[in-house]
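In the form predicted on its own, a lone chain appears below as structure tokens.
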């Protein structure tokens, strides 16, 4: 029996499981053993953290939903590799450590949110706990604002700053703006008193798209109450003031950072080849450099198109086709069938962004033409992509 061990139950890991179920249908537990390892007991819908910072939603899907049909799950943390013996060391709980043999090992550790120095102030949206902290802070600020407004003692806007103009930052700013307007409307207060400032160091939002598309996106954000501040670096937040590197300062109720992601730092302990950006170096078939039995996909791997060597982005839309191809590669290797499957970039330029629970913005480019969809249909498509990534119907 061949052992396929997958480390990491993020988007790449669970979609690889799904692909292996299809490729090895009827063989799992007989000729092939598939084991998933993750330090948590659940898959975290990380892309929905922005919504969890505003609304009470469930981000956890138990791995029992994915590990069916003979697939095994071990809750533990991979801490070391014995590559010569084809074993991986796992810490299970605080005391127990064990070694697990693999014939094929897939490292799918994913990514973590970049760390922001504590002296920057504000809150970094990086996990469930920080999402809860942001929500509690926003609720407290909102209650204070509504009380002052009703007593006619307020002479300012309800202002929140979001730092980082990537997709997570855009979605966070839009969610906060929509929620804030809802809160004021319910309280009988003018919802136009909301202003969410989105700070971004880049020249424009969504630089992968043509400038006219970026302008459309900025206009849609303006309509929901988000003011975009491009070409602006934030230095720090302190005592209700946000300071920028050009000497400006802004009065804000709270400041939320969305600094982007980086490869999970745990991979540095495993003794595999790594790039300058601390991603695992793989070939065009996802095989780790100089390692015959080890593969890697997802955010933790440096994966490039075999034709133009253009690297993949670090989003779940790239992880899904990577997982599908790797499941076919592993099936061919185990069955000793010749295969020539090489990595290709996502077939079209495609970005889908939530602008609140009932609003979204989609841009895609095909045949040299730009297509955009906004509003409720954009929201439906965005929700579909979120559920698709987590294999939820």
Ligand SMILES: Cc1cc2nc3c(=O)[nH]c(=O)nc-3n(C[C@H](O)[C@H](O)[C@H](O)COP(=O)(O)OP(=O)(O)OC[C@H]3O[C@@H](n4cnc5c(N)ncnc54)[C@H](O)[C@@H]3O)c2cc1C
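Everything numeric in this text was worked out from a predicted model, so none of it was measured. Residue numbers count along the first chain shown, from 1.
Another form exists, predicted in complex with the named molecule; not displayed. Remarks below refer to it.
**Q** With a 4.5 Å heavy atom cut-off, would you call residue 199 a contact of the named molecule in the model of the complex?
**A** It does not: once the named molecule is placed as it appears in the model of the complex, residue 199 has no heavy atom within 4.5 Å of it.
**Q** Taking the named molecule as it sits in the model of the complex, is residue 39 in contact with it (heavy atom to heavy atom, 4.5 Å or less)?
**A** It does: once the named molecule is placed as it appears in the model of the complex, residue 39 has a heavy atom within 4.5 Å of it.
**Q** Please check if residue 111 has a heavy atom lying within 4.5 Å of any heavy atom of the named molecule in the model of the complex.
**A** Residue 111: contacts the named molecule in the model of the complex.
**Q** Taking the named molecule as it sits in the model of the complex, is residue 317 in contact with it (heavy atom to heavy atom, 4.5 Å or less)?
**A** Yes, residue 317 is a contact residue.
**Q** When the named molecule is placed as it is in the model of the complex, which of 116-124, 138-146, 206-214, 296-304 ends up with heavy atoms within 4.5 Å of it?
**A** Going through the listed ranges, the match is 296-304.
**Q** 50, 34, 355, 329: which sits within 4.5 Å of the named molecule in the model of the complex by any heavy atom?
**A** Going through each option in turn, the one that passes is 50.
**Q** In sequence order, which positions of 5-28 have a non-hydrogen atom within 4.5 Å of the named molecule in the model of the complex?
**A** Going through 5-28 in order - heavy atoms within 4.5 Å of the named molecule in the model of the complex - the hits are 7, 8, 9, 10, 11, 12, 13.
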